[in-house]
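We begin with a single chain expressed as structure tokens, specifically the form predicted alone.
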Amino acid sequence: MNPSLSKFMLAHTPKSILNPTPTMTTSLPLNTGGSIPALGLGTWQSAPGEVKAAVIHAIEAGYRHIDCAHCYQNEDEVGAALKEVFERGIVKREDVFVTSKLWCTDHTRVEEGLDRSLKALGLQYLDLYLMHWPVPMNPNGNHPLFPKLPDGSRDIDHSLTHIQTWQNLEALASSSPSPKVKAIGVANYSVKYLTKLLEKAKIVPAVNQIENHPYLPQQEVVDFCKEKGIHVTAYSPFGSTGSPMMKEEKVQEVAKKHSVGAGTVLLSYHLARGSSVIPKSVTPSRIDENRKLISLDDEDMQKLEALHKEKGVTRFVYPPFGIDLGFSDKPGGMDLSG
């Protein structure tokens, strides 16, 4: 095509076509050949008696991506919600992307952990099954989820590594004739852990689900995942509990520019980075508000990215384990990568 004609066509093509506004159901590609909806409903810390109604409302409102985990201890309510919306004909099973996660005390019994979640959710298969953390814990300890040693530290299972756990997940994903999982992935993985995993993996994780927001962009992880074809899903997009990020001046400036709320800006930030995002809420009005997504331009992203340089976290230790999983440029902490 004539270069001059190409420039003319680009100059006269509406921005809505060149840079379409993302929607909650925008499909983002996975390395499996499948896709994941851009926006999902997170169910972490959703209290008993609330999560069923939240999931039903979300699906009625158009959500097609529900994020769960055995450790959240509410998959039975999520399952009850799914059963209701399927029976009412609001959606079919194949229309909803459901994620669950293998908990740390199930690393030695991967299929048992998967079957427990499938039973609670009332499903025959999951669209995505993630290793929740790269930290095996004692399956026979003094607590089914968070076993401790006498000194109060976490009861880590040193009989295997997360790499062995991944190999068992690979076997599940490769099972025939009807696999129980369509895709497998990881969560809370740093570059250090991903590098170790990929050295031995036969299947590249489809997803790495990480805490992600302008205070904690984890750019090194996001860039590494993009290079390796691993999709990133962001949780805690509004910051950790009590975070002042919604009130940040730069966030408010971008929100005012687009005549939207701060939450819309913080969710759209992830789509601009090519990530999906799973805000948690049990409040119908908030679930509805979170559906609003916009396209952010370079100027908007520069403002949001500046927050990390000014106030962001550079290194953190995850409270469930009290160990350093290597989320920084500096190596250190307990190495459980095998």
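Here the structure is a predicted model, which is why all the values come from computation and not from measurement. So that there is no doubt, residue numbering starts at 1 and follows the sequence shown.
If you look for the form predicted together with a small molecule, you will not find it shown, but the lines that follow are about it.
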>> Partner absent here, but in the model of the complex, which of 83 to 91, 128 to 136, 199 to 207, 216 to 224 has residues with a heavy atom within 4.5 Å of the small molecule?
In response: 128 to 136
>> Please determine whether each residue of 44, 187 and 243 possesses a non-hydrogen atom within 4.5 angstroms of the small molecule in the model of the complex.
In response: yes
> Heavy atoms within 4.5 Å of the small molecule in the model of the complex: does residue 101 have any?
Replying inline: yes
> Should residue 286 be counted as a contact of the small molecule in the model of the complex, where contact means heavy atoms within 4.5 Å?
Replying inline: yes
>> Residue-level question: is residue 239 within 4.5 Å of the small molecule in the model of the complex, judged on heavy atoms?
In response: yes
> Taking the shortest heavy atom distance, is residue 72 within 4.5 Å of the small molecule in the model of the complex?
Replying inline: yes
> Among the candidate residues 28, 282, 307, 272, which is the single one with a non-hydrogen atom no more than 4.5 Å from the small molecule in the model of the complex?
Replying inline: 282
